[in-house]
Structure formats: C-alpha cells, structure tokens
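One chain comes next, on its own, written out as structure tokens in the form predicted alone.
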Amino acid sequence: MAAESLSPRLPVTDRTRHRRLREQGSLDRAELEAILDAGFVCHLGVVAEGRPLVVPTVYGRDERQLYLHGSVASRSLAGGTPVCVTVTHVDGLVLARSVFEHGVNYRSAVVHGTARKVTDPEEKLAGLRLLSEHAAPGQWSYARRPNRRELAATTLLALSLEEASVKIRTGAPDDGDGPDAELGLWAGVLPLTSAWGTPVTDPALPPNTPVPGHIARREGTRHG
C-alpha cells in the first residue's frame, strides 16, 4: 500500500510558526521542495552528549523524507533524537540608505523532526542513490556502487518533511519611501549567483580521458 502524499500546505506548529517577518514566511510545500532541490549541502543541528552541535552534510530527498549522509563515527548521526536541518540560499545583499535597513535576499528552509537511522539494506541503498543523484545527476549509474564494507561504514538518516518552515525575501530595500530617501544615496540590491565551473580532471587519469557528458553539461549552469 502506497504511503499518503504530504499536504501541499505546510502545517503550522509551535516550532514552525512565523513569529518575526511573517510576510517573508510561506506555507507552500512547493516552495520548500524548490529550496531543497536548489542545494545539496545542509546544516544538521542536534544535541550530542548534552551540547548543541551543528554540522554541514550533503542530503537528498524523495517526496516524504530527507536523507542525510555521514560516517558511523559521527556523533550527530546517531538517530532517534530530535534534530533540525537548515538549507539557505543567499540571492543578494540588500543595500539600503541606512545601515539599519540593510538586509539579505534569501531562500531558507528549516525541517524539524526526529531523525531515523536507516538500517534496512534496500532503503539504505535507495537513499544513498537519491543523495548521489541529488548532488550529481547521472553519477550513480556512472561510478562504482558502494560495496558491503563501504555501506557498513556509512550512516544514513531519514527525516520526515512533514514539519518545516520556509522564509523567502526578495526585492529592493524597504526605506525608499522614508525620510532617508531624501539623502540622495544609492540603494538597491547586489545580486549573488553561483555557477558550475570547468571540470578539472584528476591528474592520475590517463591522458585524454573524456569528461562524462552528465558532468560536462553542468559547466556554466547556475547552482542554487
């Protein structure tokens, strides 16, 4: 029996309620998915041995879950504990007429829940495939798959996408109609973009080894 799809509207909980800058908040699950799909590095927050710990790690997803990858030795990937995962994209600096009104155009998602350590071999392999294809589409089919020893050394966490918070800011500074508009100072947005560069071949490879098409095609394309 197939699992039910998550609601297209994000639920409002005590952890996801927008208390500040509510106009930047979104309850649209499609916005959450777009933010997750635009990146591949997240920050995982967890309490480990009584202390807060935030670590960067790569991720992948399906319609219902986020998958997070790490080493079996990592204290942050024990599973069974409450965590939060954040993904943020900076789209530009908002440079206003006063320093107080400066800001950032951004897209941000925070996912809350209890992380589950994936132990089923089939789900673990499927989750790692999602993670690999999320960061480098086509690479799972091109490269050698993980062997039994490598799988044993790898921890995979699953986190439900049910409970999440989204905030997005776009546009110009907010002081264009205030007293500081009379100062005659320049104000606006300094956009920030990121793009994939030219693939750099491993010098250990034989000369003239071609770059695979699924990698070469990403050169010059925008990331994020």
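All residue numbers refer to positions in the sequence shown, first residue = 1. These numbers were taken from a predicted model, which means no experiment stands behind them.
Omitted here: the form predicted together with a further copy of the same chain. The next part is about that form.
J.: Quick one: is residue 58 in contact with a further copy of the same chain in the model of the complex, heavy atoms, 4.5 Å cut-off?
T.: Residue-level check for residue 58: yes, a contact with a further copy of the same chain.
J.: I'd like to know whether residue 150 contacts a further copy of the same chain in the model of the complex, with contact meaning heavy atoms within 4.5 angstroms.
T.: It does: once a further copy of the same chain is placed as it appears in the model of the complex, residue 150 has a heavy atom within 4.5 Å of it.
J.: Any chance residue 145 has a heavy atom within 4.5 Å of a further copy of the same chain in the model of the complex?
T.: Yes - in the model of the complex, heavy atoms of residue 145 and a further copy of the same chain come within 4.5 Å of each other.
J.: Is residue 12 one of the residues lying within 4.5 Å of a further copy of the same chain in the model of the complex, judged by heavy atom distances?
T.: So residue 12 does not count as contacting a further copy of the same chain.
J.: May I ask you to list the residues of 188-214 that have any heavy atom within 4.5 angstroms of a further copy of the same chain in the model of the complex, in sequence order?
T.: Heavy-atom contacts to a further copy of the same chain in the model of the complex: 188, 189, 190, 191, 192, 193, 194, 195, 196, 197, 198, 199, 200, 201, 202, 203, 204, 205, 209, 210, 211, 212.
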